[in-house]
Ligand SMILES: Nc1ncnc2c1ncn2[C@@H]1O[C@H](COP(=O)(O)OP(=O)(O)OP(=O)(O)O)[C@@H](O)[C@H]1O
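As structure tokens, one chain now follows by itself in the form predicted on its own.
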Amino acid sequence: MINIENLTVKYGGVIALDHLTLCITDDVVGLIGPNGAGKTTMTNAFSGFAPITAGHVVVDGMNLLALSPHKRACWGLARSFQKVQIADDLTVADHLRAVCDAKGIRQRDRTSQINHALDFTGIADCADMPGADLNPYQKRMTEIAKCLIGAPRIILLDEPGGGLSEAEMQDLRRIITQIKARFGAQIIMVDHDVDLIRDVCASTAVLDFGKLIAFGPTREVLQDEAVKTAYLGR
């Protein structure tokens, strides 16, 4: 369970997150809102990349914000980025080995963890391909595979479906919905694709100008008039 209590982020006079309070219990939770609503700010606050003015993020009794960014990663926080972080001159396996290094995973455990992540994301045959030769789908799957290394507890996915075809999106839906059962991690997913949010997220939070305007079962939230006005353009 993830408890977010009065989380506030300010950049000068701009309030990017305004006393956000959420209790997240579902396996996959969506985070939506118009551009500038505070979605990426929230993922950056979790990761340690945003200045916290006030508030707490408590996971199973532990205040995540009390840890340094590196210790959060070792504890089990992982994230992908809207713009994939794939180096052209590193192979897919090299990217996963780098995560193992950063998280201090023992040598004897690395091969099994890497193979498990590659098999689960369907890119085992790409293990020795350099980043420069990967197509957009393979890069997205490499980003997700990186998140699966080291017993993740929380995975933040930022626009994981960006640039994917409909067939690739079907694979992505299957992968996201199976992560909790296979790896044990809760997922918070930021995306503008309402169909993807509806299909994989049990509940969804909606931000607008840094404020929470709706939270609950996804299908109910997407029918909320305030959400339609702020996000869907009605």
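Quick caveat: nothing in here was measured; it's all calculated off a predicted structure. Numbers follow the displayed sequence, beginning with 1.
A second form of this protein, the form predicted together with this ligand, is not displayed here; the remarks below concern that form.
Peer 1: Report yes if any heavy atom of residue 35 sits within 4.5 Å of a heavy atom of this ligand in the model of the complex; otherwise report no.
Peer 2: Although this ligand is absent here, residue 35 would touch it in the model of the complex, with heavy atoms inside 4.5 Å.
Peer 1: Hey, in the model of the complex, is residue 159 touching this ligand, heavy atoms inside 4.5 Å?
Peer 2: Within the cut-off, so yes.
Peer 1: Is there any non-hydrogen atom of residue 174 lying within 4.5 Å of this ligand in the model of the complex?
Peer 2: Judged by the heavy-atom cut-off of 4.5 Å, residue 174 is well away from this ligand in the model of the complex.
Peer 1: Any chance residue 203 has a heavy atom within 4.5 Å of this ligand in the model of the complex?
Peer 2: Residue 203 lies outside the contact set for this ligand.
Peer 1: Tell me the stretch among 58 to 66, 174 to 182, 194 to 202, 35 to 43 that has any heavy atom within 4.5 angstroms of this ligand in the model of the complex.
Peer 2: The contacting stretch is 35 to 43.
Peer 1: By the heavy atom within 4.5 Å rule, which residue out of 222, 16, 22, 214 makes contact with this ligand in the model of the complex?
Peer 2: Selected option: 16.
Peer 1: If you look in the model of the complex, which residues in 56 to 82 sit within 4.5 Å of this ligand (heavy atoms)?
Peer 2: Sequence-ordered list has one entry, 82.
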